[in-house]
Every structure is written in C-alpha cells, then in structure tokens.
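Okay, so here's just one chain, in structure tokens, the form predicted alone.
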Amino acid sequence: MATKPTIHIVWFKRDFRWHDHAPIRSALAAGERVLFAALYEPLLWSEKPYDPRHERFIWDSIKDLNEVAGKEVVHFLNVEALDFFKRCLATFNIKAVYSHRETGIGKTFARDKAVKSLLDAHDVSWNEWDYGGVKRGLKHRKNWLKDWYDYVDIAPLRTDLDAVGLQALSNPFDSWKHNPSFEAHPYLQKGGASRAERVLYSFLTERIKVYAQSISKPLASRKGCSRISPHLAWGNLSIRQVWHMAEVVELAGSKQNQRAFVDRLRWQAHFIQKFESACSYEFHPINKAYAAVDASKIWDEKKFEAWKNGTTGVPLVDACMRCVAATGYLNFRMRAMVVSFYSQYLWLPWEAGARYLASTFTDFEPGIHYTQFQMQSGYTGVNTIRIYNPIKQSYDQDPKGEFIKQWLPELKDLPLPHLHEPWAIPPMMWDMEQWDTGSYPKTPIVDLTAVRKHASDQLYSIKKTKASKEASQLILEKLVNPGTRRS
C-alpha cells in the first residue's frame, strides 16, 4: 500500500488575508506541504443570512490572496466541510488543521462540532486561535478590556510569502473547484486585503477629516466613514492591523475624529464578544422577558414586503432600504432607524427582519448584527429604548433630500420640505402642481404617531417588570464590561 502524502491544512473562514494570521504562520513552521482551503458549503449558502454578495466578496478576497502569492495557492472548493475533511483523511496523512475560531451562526457552530468529532476520531489535532481579541468560553468580562488592549498592542504578524509559494499544495480535488462568475457591479464593495489596505489608508490620511460630521448622514457617510467594515467582517484586515496602522500613519483631521474611530474598533470586538458569550441572540430575545412581546406580534407579509422593497410611504426609510439592497452598505444610524421602523412601527417579529437585513449587508458580522438588531428593537432591558422618529431623522440627516431623491426617483420633483413627508401636502397643492410620483404610496403604511405610542407603551411596560430586571442583571454581569457605559 502506498504511503499517504503528509500535509497540513489551513482552513480559511472569515480571515481572508496573509498577514497577522497565526494559523498560516504555524502551518508553515513545520516546513511541510500545506493545503490552503476555503469552502463554499452548499447547505450553508442555500438560505439567509448568506447572499451572493457575500460570496462575491469572498471570491474577490481569494483572488487577491492568489495574486499576492503569485500563483493559485488558496483553493475555493464547493463542498460541505465534513465531506471535505473525510476525503482529506482518506487521501492524506494530515499532521494538523489550523484555523481561527469563528464567531459565526448556529449552523457554522454545529458544523465545527461535527468536524472536531471527525478529526478527534482520527487523532488529528485542530489548532484554533481566538479571533480579534474575542475569547471563547468567557464566564465574565472583568478583565476583558485589559486583555483586549494587550492583544491589539502586539505587533501584527508577518507571513513569509516565499514559504507560502514553496509549501502550498496544488488543488488535489479539482472536481470541487468553485469558480464563480460575477458581472461587474456599480455599487457593491470588492473584497481583498490589498484593496482593504488602500481603503483604510485613504481614510486615515484624508477622509477621516470629515468623519464626525458624516457618520450619521446616509449620503455623506458613504465617503466620510472608513468603509472598512466588510474588510473587517471577512478578515481582509485584522483589528490589530487597523489599530497599528492608525498609530503609524500620520492621521488627518482632529483628535476627536481619531478617537471616535479608534473607539469603534473596541466596540466592534465588544459586540462580537457578546454574541460569542450568548449565541442565543441569533434566535431568541436575549432578555427573556421580551419573548412574550415578540410572540404577540402578528406576521404581516404586506408590511414586510413594503419595508423590504422600500414602499412603506416613509421616504427616508424607503430610500435606506432600497440603498442597502442595491449597495450592501448603510451607515449605523440609518441601520438603527430601519430596524426600529421594522420592529417598533410595523410591529413585526424580529427574526425575519434580522435575517433579511443580514443578507443585504456586505459587512454581515453575526456578532454585531444580531446584538444590534435586538438592541435597536428594544429587547435587551439593559439599554435605553430608542424609537427613532424617521421624520426627524429625515430633516436632520438628509435636509436637502439628496439621498431620498437618489433612491426614490418617484419623488424627485417634490420640493422641500414636502419631500420628507409628502402625505402632509395639501390636496389642493397636489391638484395644482400635478406632481407625478408614480405608484409611490400617498400615505405611510401605518399611523406613525399611534404605532410609536403603542410600541413605547409595550416595551416600557415590560422593562419595568421583575422578570426583565432580573434578566437585565444577568446580562450586565456576563456581557458588559465592568465600569463602562451599558452598550
């Protein structure tokens, strides 16, 4: 019987970069052949929250890895993870598997447990590293902040790309080769570590100057914000790389802008740690007292479709929903507003809305998305219940209506201030001006004042209950950093 070739396997998950990548460094250290693999898992990609825009971003990232390496060394394979490792075990003598721990969704966690059982049964070690300062199995947050700062202060690791080229294994499973084809897209961000570094550099050296004044505005934020969120979500950049680049590069603009940006790097890890420590965020209200509220909500397909398609009759909400569907990006305040509108104004069960929005965000990061969705829905019992007023947000964040007109061309002829609330236009003015707004609704799908009051009454009544307060205390003890603002 022929001896099986000895190899090591690096499994890329949400970490598509060469540098600051401990699994790659460790796999190369033995000086033996390494199979670099990324998996397109059909069962995982067959339903939300994943979407072709995520696949497109990953494919861009893999192509970039191979371009930097100078040849195809990272193989994108269309196969379920368990089937991949079974065939690897049958074909090779696997010394070890290397990867980062993934703070993913329930399906990816179940997959990882199945892979671990398989590898254990064959005495193959799976070496995993915590990711971005997020720790698995954390019981409390007493030392988390100190540990996180200690983590980011360490200089990012450099990978020997010559070693990558020499030790990389050619694709042994050609029948599984995944080679998707995507047409050029006018709006979706492209993936890849090389591109991520350019985007970050342009922000730190120029665009950061308008960060504070752009961050809340749906139009200005598209250039004034860093736009590295998808590169962080899919690991084109590590938090540590961004942290150190912000120290090395001569930053433009005020100290306030610099501090605001750097703080958000910590917040990113903070929310992912919440999800890592309480993954039930994906399926249930983290504060169980709010489960009854969500269960009392009646599903309404008409409302859901109007929200999803941008036809609720509330211009800023609709512009945001059309924008994120087309571009994969929406700034934080507008994300919070559309979640608030879905959960509190339309009074729809939270999970379907969360899964849909996850599929639209190119930067879908489970740890941030699910924790934020529940927080903006008013389901934590810990945070202030915020019911965003979409009309006030419209006047404040898009005062000239430029964003609304871009995404709602039906309203392009409406003058200010009527653009923000066209239902308030007197009937006589409609008759005189004869504006053509096509099929866009003449009135909002719900009575904004009435539904806002209903949501406020319901959510605050639960927050005052003993059950909510007890659940909130448990959340504070396990998921919030001692001595910090409740976030």
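Numbers for residues come from their place in the sequence shown, where the first is 1. Being a predicted model, the structure only gives us computed values, none of them experimental.
The same protein has a further form, the form predicted in complex with a small molecule, not shown here; the description that follows concerns it.
Asker: Answer with yes or no whether residue 274 is in contact with the small molecule in the predicted complex, where contact means some heavy atom within 4.5 Å.
Answerer: Answer no; every heavy atom of residue 274 is more than 4.5 Å from the small molecule in the predicted complex.
Asker: So in the predicted complex, does residue 343 come within 4.5 Å of the small molecule, heavy atom to heavy atom?
Answerer: Residue 343: no contact with the small molecule in the predicted complex.
Asker: Would you check, heavy atoms only and a 4.5 Å threshold, whether residue 197 touches the small molecule in the predicted complex?
Answerer: Residue-level check for residue 197: no, no contact with the small molecule.
Asker: I'd like to know whether residue 240 contacts the small molecule in the predicted complex, with contact meaning heavy atoms within 4.5 angstroms.
Answerer: Because no heavy atom of residue 240 falls inside 4.5 Å of the small molecule in the predicted complex, the answer is no.
Asker: Between the options 144, 85, 403, 211, which residue brings a heavy atom to within 4.5 Å of the small molecule in the predicted complex?
Answerer: So the residue touching the small molecule in the predicted complex, by this definition, is 211.
Asker: Among 182, 187, 304, 332, which has any heavy atom within 4.5 Å of the small molecule in the predicted complex?
Answerer: Contact with the small molecule in the predicted complex is made by 332 alone.
Asker: For the chain seen here without its partner, which of 411-419, 274-282, 73-81, 370-378 has a heavy atom within 4.5 Å of the small molecule in the predicted complex?
Answerer: Single hit among the candidates: 370-378.
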